[in-house]
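Coming up is one lone chain in structure tokens, specifically the form predicted alone.
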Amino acid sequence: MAQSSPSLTAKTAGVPPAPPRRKRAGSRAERLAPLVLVAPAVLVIVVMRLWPLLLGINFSFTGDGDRDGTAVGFDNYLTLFDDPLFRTALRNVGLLVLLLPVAVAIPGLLATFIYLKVPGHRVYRGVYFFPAVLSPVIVGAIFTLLLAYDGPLNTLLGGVGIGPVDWLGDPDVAIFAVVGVHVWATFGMALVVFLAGFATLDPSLLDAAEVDGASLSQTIRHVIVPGLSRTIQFVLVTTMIGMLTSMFGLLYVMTSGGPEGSTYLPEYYIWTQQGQMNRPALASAASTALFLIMLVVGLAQIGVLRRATGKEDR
């Protein structure tokens, strides 16, 4: 005997079938709910970030002065790369990229020691993070006094037989001094991020490394670095962005871009063109170039680190 259909069974049982339209309406609402929840955040990003970025890029193709508002094509970019100060700023960006591993390794190693609970690790957390709460202007003023030619640091070096160093007056030394101060003032935040990453690390891996007799360097290379690969990616990118966009206060207080323009960075160059030279269109071109530099450097860092950690995993 053939089985009856579900609709026929429902009718004979006196139970009406569920209306299909309500099901479709319910599923449509479920699909739209995430979009509705995300829409305010997307709107804020578009209005507060993307739209001003597009306006700035468009403004960079207009002129300054007598040609204000007139389309000039790529003239601002040609002027930009012909400017020795901007080329110096780009060279200093390359220097920052080379120094980036040091700026990331310092908080990474300190976080490792704190995680392994070296004596006094609770105190070190507060001590290391304290500079991060100071204003860059305050930090710059303090280190301007410490690094002065007749300041305490050179006095200390003279006491051990080392001649004074013109930390902020020598074009070959000043950029390293400013970057060193920036790393000291900001690595506390990266330290906190690394400690948060350690919370996700499997402790059994460290125990296994200890049982196998692995040294600290081997444990860091084969256990900690692969286990914290995503954290390291995040710290690399945010540290690089901080170096490119958060050093204005230090540069303004410590060197004002000198000596001889040797400490110029794109951020400081943008300010001088906008605030001192009254060339907003050229400043917009420099801002666009800085955005592209950060994008390329960030993507390159992530790609290199992914390949490196992938090899470690294999």
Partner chain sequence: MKQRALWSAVLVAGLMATAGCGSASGPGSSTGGTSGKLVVWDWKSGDAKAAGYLEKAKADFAENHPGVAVEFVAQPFDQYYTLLGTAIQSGKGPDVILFNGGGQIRDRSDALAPLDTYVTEDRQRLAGWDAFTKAGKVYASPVTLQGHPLYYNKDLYQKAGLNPDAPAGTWSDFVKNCGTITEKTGAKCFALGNKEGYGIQFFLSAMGSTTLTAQEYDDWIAGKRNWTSANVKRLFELWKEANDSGLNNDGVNSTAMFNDEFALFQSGKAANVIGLMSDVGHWKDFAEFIAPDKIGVMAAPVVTPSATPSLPYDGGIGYAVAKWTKDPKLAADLVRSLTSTDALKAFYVDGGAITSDTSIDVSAGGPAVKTIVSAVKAGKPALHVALSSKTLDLMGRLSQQLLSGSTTVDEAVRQLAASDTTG
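Take the two forms, find the largest set of C-alpha atoms that superpose within 1.5 Å, and that set is the rigid core. It should be emphasised that the depicted structure is a prediction, and the values quoted were computed from it without experimental measurement. Residue numbers count along the first chain shown, from 1.
The form predicted in complex with its partner chain is left out here; the points below concern that form.
A.B. asks: So if I measure heavy atom distances to its partner chain in the predicted bound form, which of the stretches 241 to 249, 58 to 66, 285 to 293, 37 to 45 falls within 4.5 Å?
C.D. replies: Flagged stretch: 37 to 45.
A.B. asks: Taking any heavy atom pair closer than or equal to 4.5 Å as contact, tell me whether residue 85 reaches its partner chain in the predicted bound form.
C.D. replies: Output for residue 85 is yes: heavy atoms within 4.5 Å of its partner chain.
A.B. asks: May I ask you to check whether residue 253 falls inside a 4.5 Å heavy atom distance of its partner chain in the predicted bound form?
C.D. replies: Contact check for residue 253: yes, within 4.5 Å of its partner chain in the predicted bound form.
A.B. asks: My question is simply whether residue 149 lines the interface with its partner chain in the predicted bound form - judged by any non-hydrogen atom within 4.5 Å.
C.D. replies: Yes, residue 149 lies within 4.5 Å of its partner chain in the predicted bound form.
A.B. asks: Quick check on residue 266: any heavy atom within 4.5 Å of its partner chain in the predicted bound form?
C.D. replies: No, residue 266 is distant from the partner.
A.B. asks: If we check its partner chain in the predicted bound form, which of the residues in 197 to 217 reach within 4.5 angstroms of it by a non-hydrogen atom?
C.D. replies: Not one residue comes within 4.5 Å of the partner.
A.B. asks: At a 2 Å cut-off on C-alpha positions, does residue 275 qualify as shifted between this form and the one not shown after fitting the rigid core?
C.D. replies: True for residue 275: a C-alpha shift of 2 Å or more.
A.B. asks: Superposing on the rigid core, I want to see if residue 135 changes position between this form and the one not shown - specifically a Cα shift of 2 Å or more.
C.D. replies: Result for residue 135: no, shift under 2 Å.
A.B. asks: Cα of residue 238 displaced 2 Å or more between this form and the one not shown, core superposed?
C.D. replies: It does not reach a 2 Å shift.
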